[in-house]
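Single chain ahead, written as structure tokens, the form predicted on its own.
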Amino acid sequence: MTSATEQHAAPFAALSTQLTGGLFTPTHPEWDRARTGWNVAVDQRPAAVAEVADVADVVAVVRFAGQNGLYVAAQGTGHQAATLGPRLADTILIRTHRMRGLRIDAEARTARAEAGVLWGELSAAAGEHQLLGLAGSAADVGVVGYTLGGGLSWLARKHGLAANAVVAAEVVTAAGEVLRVDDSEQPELLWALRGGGGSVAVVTALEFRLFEQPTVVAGALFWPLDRAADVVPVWERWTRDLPDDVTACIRLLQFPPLPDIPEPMRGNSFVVVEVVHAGDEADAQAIVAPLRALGPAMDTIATIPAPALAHLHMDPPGPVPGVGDGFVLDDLPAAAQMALLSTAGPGSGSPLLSVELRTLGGALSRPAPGGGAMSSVPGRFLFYSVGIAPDPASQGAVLAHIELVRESLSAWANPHSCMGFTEHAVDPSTFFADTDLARLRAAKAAYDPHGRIRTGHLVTVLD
């Protein structure tokens, strides 16, 4: 049996001549580079990879796919590459990282970002105007992919999901038509793009609101990991009455002894509380006082420029081989704390680099007026764990431990979860209410009736 690539060898050659960017098939010398996402542990095997340079390239690829019985999947960075899996076999992977157009309208407090723009780039550009976008914790995550999945930022308890801030989008439909959508033009498509995951159209640019926030009070408190049993209960009680302008995260961190990890973290283990307060320093100092009473070994909380939030979470500065996954917790009572510490705390033998809980609630718990397919997130905490896994043996060990921790906390898990932190393909009902999922499927039927556009957490055409 011939592969999809062999079957379409001649048409692929014709497509290549239409692109300003590049087209790569398995016989190309740069194939392995082109098909590798940010998570280098994922072995992506598409029919071809198109590194698009502009909207015209995207149109050419989408039309070619439709004419030749293939599918398309858009990918900016590949942080969530694991969610696509075997769907790529008959799919052209549209890599958008060359599309880096970025415009800040300081007067209107909006930004327009093409599909290859990274959050670090946008945050720096917005910060020059004392403005802030609802960025995630990693500077090298793509703006568009992150936002299509909802977008959980450090200021989400105050402003809600990043998807709610989207005011317009430029898309290429499955028919190869370029549309600019907003609340007056194609409003149902815009609704589907706001947190719907990108299954309905290929997004080439997003426009969204920025917020006036030149500085924040933020930083981290570190204790040795063997203090986790002291810190976790205090942190849990402390989170119960947080104001909406405070977001916090607690982490069990085990740093490997790698040279690119700075001292004194290298090779050491900590329980860490990260705090972001979108207010003044005096209020922040009063808020964090109960945590400081535990005597942290390091304390970095201070007033910082808002763009510096990109470094708070200490995410790796470049591609890594990793296995991770997340889910939502409704509560963290004493029994859940004990389960967490026994499976991921000191003496557990956990191979996980990071196990964390982020505070939800605030604006996240309230459906946003005029929001989209995903405008809120249930539960008290987002749980996420990850381990470095450079080979199949370590990947298996990390995945097994992630499942062990998940199972130990399953009694307190919410049936719904957050798309951006779910790194294996799941049924979309995990993310959407029944009525919203039905509406998403109707939008898919209207704009992609033959299901040509694929995503990790795929919304299928309405039966």
Ligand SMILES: Cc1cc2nc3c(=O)[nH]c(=O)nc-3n(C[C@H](O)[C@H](O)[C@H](O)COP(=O)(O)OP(=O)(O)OC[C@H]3O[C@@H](n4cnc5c(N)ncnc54)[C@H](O)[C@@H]3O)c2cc1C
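None of the values given here were measured: they were computed from a predicted structure. Numbers for residues come from their place in the sequence shown, where the first is 1.
Absent from the display: the form predicted together with the named molecule. The rest refers to it.
- Only one segment in the set 103-111, 183-191, 291-299, 67-75 has any non-hydrogen atom within 4.5 angstroms of the named molecule in the predicted bound form, and it is 67-75.
- D315 belongs to the set of residues with a heavy atom inside 4.5 Å of the named molecule in the predicted bound form.
- Proximity of V203 to the named molecule in the predicted bound form falls within the 4.5 Å heavy atom cutoff.
- When contacts are judged by a 4.5 Å heavy atom cut-off, G195 does not count as touching the named molecule in the predicted bound form.
- Although the partner is absent here, L152 is a contact residue: one of its heavy atoms lies within 4.5 angstroms of the named molecule in the predicted bound form.
- Interface residue among F208, F270, F381, Y146, judged by heavy atoms within 4.5 Å of the named molecule in the predicted bound form: Y146.
- This chain lacks the partner; the member of T91, T359, N164, Q80 within 4.5 angstroms of the named molecule in the predicted bound form by a non-hydrogen atom is Q80.
- With contact defined as any non-hydrogen atom lying within 4.5 angstroms of the named molecule in the predicted bound form, the stretch 280-299 contains no contacting residue.
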